[in-house]
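As C-alpha cells, one chain now follows by itself in the form predicted alone.
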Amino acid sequence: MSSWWQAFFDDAYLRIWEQVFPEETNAAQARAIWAMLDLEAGCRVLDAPCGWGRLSKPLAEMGAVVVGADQSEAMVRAAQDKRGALGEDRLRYVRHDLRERLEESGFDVALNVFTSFGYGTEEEDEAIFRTLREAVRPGGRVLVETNHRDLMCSYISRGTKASTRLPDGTLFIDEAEFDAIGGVAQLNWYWSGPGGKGEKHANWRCYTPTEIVRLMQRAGLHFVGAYQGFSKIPFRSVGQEAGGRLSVVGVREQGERG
C-alpha cells in the first residue's frame, strides 16, 4: 500500500471517529455481534483491524478472549490506554500489517469490521482475508462487515456531500468522489472545531457484494451467508439504501491445514 496508510489512521482520525462511535454504540454493536455469531464466554476472537479497541474491549468484557491487531501505532496505543482493568489474559493488542500472516492462530472467530479493506490493490485485499482465514481454527468463522458499491451508489444518488456536527462541536464534512469505471471512491474528509481543523484523503476500492464473496472464497473461505449489518437477517439489496451495510460470514472448513 502507498505511504498514506501509515499516516491516515492517526490521532486526528481518532478524535473524529471516537465521537462518531461513542462507548454505548460500541457496546451495542459488540452485543449484536455476540448474538449474531452465537458467541460464548471463553471463545477466542481476533479483531483485525481493531482500531482503538472499540469492539475488542466490550467483547472481552462480555467474556471473550480477544486479540486486537492493527497496523497503526496511534490506534494500538489508544487501545492500550483504553483497556481499563482487563488483563492480557483477556485482552491483548499487537501491531501488525494484516497483509502478512499472524504468528498466532486457532481463533474461533476473526472480525474485520467497519469497511477495513479496499484501501490497496485487490491482491492486497485477498491477502488480508487470507490472513484472517489462516488465523482461525478449522471450523472457525470470519465476519466481514462493510460498505459496498450498491450502498455507495445510493448515497451518490442523493448527493455526495454529508455534514455532521460532532459532540464537541466539530463540523465534519464527508465529500466523496466516485470513479464508476475504476470502481474506486476518493474519500475527502474535512473538519473544523475546538480541536482545530484538518482534512484527510484516501482511495477506497468499492466492491459489490458479489465481488466481496468471491474475494473471500479466493482467500480459502467457504461462504456461509450474507446479512444485514450485525444481524441474522439475510441480506437483500432493497430500499433506498440498497440493503444497507453488509456482513459476510465465511468459514475455514474442517480438516483444512494452513
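No experiment lies behind these values; they were computed from the predicted model shown. Position 1 is the first residue in the sequence shown; the rest follow in order.
Keep in mind the form predicted in complex with a small molecule is missing from the figure; the text below concerns it.
With respect to the small molecule in the predicted bound form, the three residues Tyr13, Ser72 and Asp97 uniformly fall within 4.5 angstroms at the level of their nearest heavy atom.
Contact with the small molecule in the predicted bound form, defined as any heavy atom within 4.5 Å, is confined among 172-180, 115-123, 101-109, 81-89 to 115-123. Proximity to the small molecule in the predicted bound form, taken as a non-hydrogen atom within 4.5 angstroms, holds for one residue of Ala30, Cys50, Leu221, Ala60, which is Cys50.
When you look in the predicted bound form, the only residue of Leu55, Val213, Cys43, Val67 with a non-hydrogen atom within 4.5 Å of the small molecule is Leu55. Although the partner is absent here, Phe235 sits far enough away that none of its heavy atoms falls within 4.5 Å of the small molecule in the predicted bound form. Using a 4.5 Å cutoff between non-hydrogen atoms, Ile128 counts as a contact of the small molecule in the predicted bound form.
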